[in-house]
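Below you'll find only one chain, the form predicted on its own, shown as structure tokens.
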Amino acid sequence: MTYCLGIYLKEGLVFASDSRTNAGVDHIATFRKMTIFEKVGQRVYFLLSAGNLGTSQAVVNHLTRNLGDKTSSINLYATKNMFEAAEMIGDVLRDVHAKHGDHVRAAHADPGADFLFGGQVKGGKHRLFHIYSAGNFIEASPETPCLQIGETKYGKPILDRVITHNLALENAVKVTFLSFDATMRSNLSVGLPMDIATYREGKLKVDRHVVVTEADQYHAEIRRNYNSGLIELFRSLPTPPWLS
């Protein structure tokens, strides 16, 4: 399992993904779940995946090997807008399912994979989509600015309380750290390293992309301060009057 998050802001986009695919007492596997396609000044795409690793890697490989190939029908750099690019990814995902899905199910495994896809094409707006395993998709909006895939339940409450479309990008990154900390604390199948990327509207290039490891001092500090702050807040809450 993994956890991926995309946040759609007036100011831009924030993406984050962990890299753990399987966890147990004697087996922890790590694969990066974020792929960035960038043609500076023209377009930038962020693609995050959760679900069957074979399915998601096949989709990414199909998209990557045909970049810039004008003779291919699968060329993300030839798409006219974000919607067309999302449709292309959905089509590739369906093709992968058609080729391998029955064989994966015969092996008693789930071939499903979901994607978060966002970015901007020159002349259009920055956008964010959740592409489902069936190849169809929904789009984030100012009213629903957060999209999650994978192990979503533990990191959702803090997002619901804090994230709005008008939130500053820097604050959205802080909330992202807290959302992932809550998830990693409660679920062994999500863990570091974690990719975090930001995009500022209209720039048509990656703003920041960092890989957070166990040695990251900011991650340790925000985790420690948030934990101690929660404990202090809890202790300051009044006792129910019917117990006093």
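None of the values given here were measured: they were computed from a predicted structure. Position 1 is the first residue in the sequence shown; the rest follow in order.
Beyond the structure shown, there is the form predicted in complex with another copy of the chain, which is absent from this document and is the topic of what follows.
- Put simply, of D110, E170, D102, D91 only one has a heavy atom within 4.5 Å of another copy of the chain in the predicted bound form, and it is E170.
- Out of the listed residues R185, R65, K205, R32, R185 is the one that sits within 4.5 Å of another copy of the chain in the predicted bound form by at least one heavy atom.
- Taken together, V175, I222 and R235 are fully in contact with another copy of the chain in the predicted bound form: each brings a heavy atom within 4.5 Å.
- With the partner omitted here, the stretch from 160-168, 118-126, 92-100, 135-143 that lies within 4.5 Å of another copy of the chain by heavy atoms in the predicted bound form is 160-168.
- Looking at I196, you'd find a heavy atom of it within 4.5 angstroms of another copy of the chain in the predicted bound form.
- When another copy of the chain is considered in the predicted bound form, E87 lies well away from it, no heavy atom lying within 4.5 Å.
- Using a 4.5 Å cutoff between non-hydrogen atoms, K80 does not count as a contact of another copy of the chain in the predicted bound form.
- At the 4.5 Å threshold, heavy atoms of V210 reach another copy of the chain in the predicted bound form.
- Contacts between stretch 215-234 and another copy of the chain, counted in the predicted bound form as any heavy atom lying within 4.5 Å, involve Y218, E221, I222, N225, Y226, N227, G229, L230, I231, L233, F234, listed in sequence order.
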